[in-house]
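First, one chain by itself in structure tokens, the form predicted alone.
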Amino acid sequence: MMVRIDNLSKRFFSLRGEVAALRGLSLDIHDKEFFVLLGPSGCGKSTLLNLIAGLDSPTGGQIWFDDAVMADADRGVCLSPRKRNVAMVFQSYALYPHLSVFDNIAFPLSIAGMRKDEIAEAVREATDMLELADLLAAKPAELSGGQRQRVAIARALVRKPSVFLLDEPLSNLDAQLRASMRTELKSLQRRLGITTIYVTHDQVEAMSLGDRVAVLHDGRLEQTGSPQELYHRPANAFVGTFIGSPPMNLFEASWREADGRPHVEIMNMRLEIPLHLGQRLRALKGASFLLGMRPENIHAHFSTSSPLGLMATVRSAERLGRETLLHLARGEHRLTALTSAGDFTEGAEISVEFDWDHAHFLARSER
């Protein structure tokens, strides 16, 4: 099932007045794709998921499943969740505490009026797939967090939905269990081939799960692409700093050409950059821009001088096992570098070198 979002808007009123939760958002989600909506709290991702599910109606734009209109604000069309054949898993799992695992999973089929033998077969199929067959008589309170998560997923999948929606379903689990559940979810989605839309604020989840990821901010779509595209080719400063851990360094920068060679001015100094990067700088509007450099592309060396004149002071060093994250200062400027070299001590003066082949030249936001 392909899902198409066309110029979708959602406004509502609160004590703060009118709030624009979504602002003319458009995107296409491919058939059988694992698609992730990523962004900070309040960016509109859960609102978008609710609109796709039919739990709320848009104030502008359309939602299509293949060639069928699910919602059209101009025509006053908004089909119910049942008519859309979607299934949703919430952060809270929303299991019925007085029902057994079997009855929780069977609930949507029971209210749909299916025969008992058909329900039993559907539940057996779902519980075998999610390794819940030994827990059918248990109540939710008797289950671990991971088991409750599996029950919620089984209840959603037992109806054989066309679109599977998940709203931060792993956020209540501990780090180790989240990692194992990510693997299980990805494998399950591949086996079933269901178009899946997953909401999270956790970039690790987004990068590990998504075939493609849409980054949202303030109700707008900032960029859509594969995890690799978002990491290596961010469209703007927000995507560059939101994707990646530790986050990208951003520097106020300007550039000019002298004697036919491009130079970048950052942190009160001028650095000559490779000639082939000049063309990328010329494509930017204006002489000033933002220079993005990921910590792993800033190389730190034990040295009392640098041929580039780029020296920094170690403010602190976070030892992460194989690597060390250095928090550096150059005057009032701050930067981070990720290195596997040596034992850097607080207060040490070191030389810093940028890997210009991995530099990001980002235009300033006009918003």
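Computed from a prediction, not measured in an experiment: that's the story for all the values here. We number the residues from 1 along the sequence you see.
The same protein also exists as the form predicted in complex with a small molecule; that form is not shown, yet it is the one meant from here on.
Engineer: Can you tell me which of 328-336, 311-319, 294-302, 44-52 lies within 4.5 Å of the small molecule in the predicted bound form, counting heavy atoms only?
Structural biologist: Flagged stretch: 44-52.
Engineer: All three of F12, R16 and A21 touching the small molecule in the predicted bound form at 4.5 Å, heavy atom to heavy atom?
Structural biologist: Contact check passed for all of F12, R16 and A21.
Engineer: With the small molecule left out of view, which of E265, E168, D103, E222 would have a heavy atom within 4.5 Å of it in the predicted bound form?
Structural biologist: Of E265, E168, D103, E222, the residue with a heavy atom within 4.5 Å of the small molecule in the predicted bound form is E168.
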